[in-house]
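To begin, one chain is listed below as structure tokens, in the form predicted on its own.
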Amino acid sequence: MTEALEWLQFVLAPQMINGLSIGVAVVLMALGLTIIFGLLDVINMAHGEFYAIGAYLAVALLGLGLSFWWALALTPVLMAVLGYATERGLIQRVFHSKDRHTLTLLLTFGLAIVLEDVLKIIFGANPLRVETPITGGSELFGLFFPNYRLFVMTAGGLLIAAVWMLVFRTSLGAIVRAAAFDRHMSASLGVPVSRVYAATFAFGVALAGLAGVLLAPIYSVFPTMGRDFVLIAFSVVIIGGMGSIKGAVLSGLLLTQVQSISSLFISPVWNDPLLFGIMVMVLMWRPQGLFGKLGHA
């Protein structure tokens, strides 16, 4: 009995906290993906590379002598500019096409390949490290946790709540949802639909970049890092319901907990099969995902 309690306290609980800190960042990334899909109906295959660019921007800004906190503040702004330019320069050109879904998917897939190669050319293929800005740990409930992971959980949780408030409790969010629901009616009422779409895409890209900065001190930064996380993010969005913020949050936290706890019992090479197995089972039960569309929160 004593051994079981010690295992729960010193093995399972820390693993769940680690999974929760990763889960919050994954949810931020998935939120960007689900907002872009839910509002623009665009499947952004380059979302993982935007996450990687966010992490590399942190590396570059730190290299310029700025602190991590400046990198955390500036990177989402720079990523939003990049996302806005991408939407206006690429997505907008095929957005009104009859084959929009196929064209935007292929376009963003090609963009992902280009961005990954650009990162290799600029920063090289070797992994880079970002020093943890908050060192040490804290004791909670008799357990010792790294302070930076506690910061990621707290900051990420506040950001997720802020995104939900912005989309569903502000006039700006109402305008964006109205433009997504009926762009012709919104345009007739004076809403600049084209700019709203570009700003929405930019916001989703900024969230991906922010997730990249938050996770940079936990993981190494390397050009293909976006591939791993975009698979998780797409699984989160599909299981939660394409376009559902509530679904993205719950499924993101659930999947990262499953991955974290399962690593105690099985090899990490089984993480992806486990993830996709859960996705297949959920889709067999509910093809629309757990919570459906963005309009239903």
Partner chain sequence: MATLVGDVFFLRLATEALIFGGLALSVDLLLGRVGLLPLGQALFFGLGAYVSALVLKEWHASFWLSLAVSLLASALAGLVGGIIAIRSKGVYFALISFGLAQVISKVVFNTRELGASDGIIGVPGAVVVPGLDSTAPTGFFLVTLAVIFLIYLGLRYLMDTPFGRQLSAIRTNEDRVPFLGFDPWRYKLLAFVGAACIAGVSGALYPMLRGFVSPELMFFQVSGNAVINVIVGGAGTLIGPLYGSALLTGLRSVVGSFTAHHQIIIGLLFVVVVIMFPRGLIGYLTPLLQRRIEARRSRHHQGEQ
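Positions refer to the first chain, counted from 1. Everything numeric in this text was worked out from a predicted model, so none of it was measured.
Heads up, the form predicted in complex with its partner chain isn't pictured, but that's what we're talking about next.
The closest non-hydrogen atom of L40 lies beyond 4.5 Å of its partner chain in the predicted complex. Proximity of V114 to its partner chain in the predicted complex: non-hydrogen atoms within 4.5 Å are present. Contact annotation: L78 falls outside 4.5 Å of its partner chain in the predicted complex, judged by heavy atom distances. Although the partner is absent here, F276 sits close enough that one of its heavy atoms falls within 4.5 Å of its partner chain in the predicted complex.
Contact with its partner chain in the predicted complex, defined as a heavy atom within 4.5 Å, is made by none of A73, M165 and H184. Here is the short version: of I121, L189, L140, A161, the single residue with a heavy atom within 4.5 Å of its partner chain in the predicted complex is I121. Put simply, of I218, A199, M153, L90 only one has a heavy atom within 4.5 Å of its partner chain in the predicted complex, and it is L90.
Partner contacts here mean any heavy atom within 4.5 Å of its partner chain in the predicted complex, and among 246-254, 23-31, 55-63, 224-232 they occur only in 224-232.
Heavy atoms closer than or equal to 4.5 Å to its partner chain in the predicted complex belong, across 96-116, to the residues H101, T102, L103, L105, L106, L107, F109, G110, L111, I113, V114, ordered by sequence position.
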